[in-house]
Ligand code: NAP
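What follows is a single chain, given as structure tokens, in the form predicted on its own.
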Amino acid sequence: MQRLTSFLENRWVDGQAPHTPLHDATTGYAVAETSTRGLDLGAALAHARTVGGRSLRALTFAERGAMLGELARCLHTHRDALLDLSRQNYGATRSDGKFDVDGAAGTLAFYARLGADLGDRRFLLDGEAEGVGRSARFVGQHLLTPRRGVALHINAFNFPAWGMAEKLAVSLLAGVPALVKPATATALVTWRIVQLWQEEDLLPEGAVSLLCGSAGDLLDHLQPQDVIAFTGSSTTGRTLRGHPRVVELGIPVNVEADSLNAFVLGPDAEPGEPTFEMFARELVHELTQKAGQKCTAVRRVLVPVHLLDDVREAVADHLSRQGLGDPASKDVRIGPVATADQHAAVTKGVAELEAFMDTFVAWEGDLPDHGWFVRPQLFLTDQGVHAAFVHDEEVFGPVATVLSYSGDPAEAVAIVARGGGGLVCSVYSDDAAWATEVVGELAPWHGRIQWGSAKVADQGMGPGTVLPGFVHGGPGKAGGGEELGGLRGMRFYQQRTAVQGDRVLLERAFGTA
């Protein structure tokens, strides 16, 4: 059995027994094991802060960008092997594995190009110098410099490659080292990626550390210049924010948590027309990709009452073409959920939905008699804002609920907003006045909105694709955090300081914006 070690203080170290097993989601068999018991996590963080921090800050943005480009190149070189590990560990189909690994490589490559554009600098200016008082010589300039700590990256189980890369690309370009803590159950892919990077000597010493297994007393060793970037449940996010060390030192915490993302079909949609077909196609894609285990997956689907039958027919048609089963099979598009605990949680959530609503449409066929498979399905309710469970709880699998509504934009906004904030919402309409009202009113509740219409029906990448040039995160229930967004993402790892002094001296020292 494969033993996953941790990479701390520039060496691979194994924890003490007993070790925690990792399982194949398709068969349920153990494929690896790991432990962090007995590891000196305080020393690991200290090494990352000192050695890793100095190494990264010595590099220019262009040099950091070139480093990120090499990390992306390495992922591409070993892509097929990583896809095999994705299938073996968490049951990813080849398509789902590519979504994760290629997403990771693409994000690293994006920030590599951004680093090249920033050039031979090591810090950034925020805005232009502004006068202080009456003197034209005495000015203030906002300066952005990398924090002198370590970024603790705590990642979710569903994207072991992309989830790591979207945080690492930003913090490394900003000049801040990271300790990566992947979800234990799916750490095999993350572990292999870091191993490949170290084998090719692509990173300065201390720039990236890896902890495979329990976090132990990691948070107790944080220092004032450290930051935490977390993706996972809102419950764990609240625990992190409330940790005594975090509260005492005022450590910044970025949380990307649960999100009851919505699709809203406009009343003007016509079956067979591009906008309606875009809605149906993307609905099934977001329902089934990675077996619905995406933070951006759709959970609530608003459909005008007069279009319910047409939507049911279109979704059933698309679902019938999705093969479910062993992810090693080429004709399979839907694999299992990633872990036994995840299967139990989704099964429990489905039972809750079945208790008070009917099935709208479901994938038809027999589920495998082994592994952690879940039937993709949509439920139906006419309770709108009063469907409490639908708006309060996320069933993290290939499951969503159709909420019928009148087509009134105010009603649509009220139903979606009842979810308390989300990562992404998708609106499908060619009625500019109707959609403008809906998009404008829903914007404060979301980090991103996709507006699907006839002119872009064949161009969209789907709302579930997180693009590095646009922010990823959302208010309220979605955690209140924000990642990526090009240069915007770097702000979390930088300190903004207003430096006041003589204009000529400041320009000589720091240049101009």
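Model, not experiment: these values are computed from the prediction. Residue numbers run from 1 along the displayed sequence.
Keep in mind that the form predicted in complex with the named molecule is missing from the display, and what follows is about it.
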Candidate stretches 101 to 109, 274 to 282, 196 to 204, 151 to 159, one within 4.5 Å of the named molecule in the predicted complex by heavy atom
151 to 159
Classify residue 230 as contacting or not contacting the named molecule in the predicted complex by the rule of any non-hydrogen atom within 4.5 angstroms, answering yes or no.
yes
Looking in the predicted complex, any heavy atom of residue 373 within 4.5 Å of the named molecule?
no
Looking at the partner-bound form in the predicted complex, is residue 214 within 4.5 Å of the named molecule by any heavy atom?
yes
Any of the heavy atoms of residue 181 lying within 4.5 Å of the named molecule in the predicted complex?
yes
Using heavy atoms only and a 4.5 Å cut-off, decide whether all three of 353, 392 and 418 touch the named molecule in the predicted complex.
no
Exactly one of 77, 347, 225, 236 has a non-hydrogen atom within 4.5 Å of the named molecule in the predicted complex; which residue is it?
236
So which of 257, 269, 85, 301 gets a non-hydrogen atom within 4.5 Å of the named molecule in the predicted complex?
257
May I ask you to list the residues of 283 to 310 that have any heavy atom within 4.5 angstroms of the named molecule in the predicted complex, in sequence order?
295
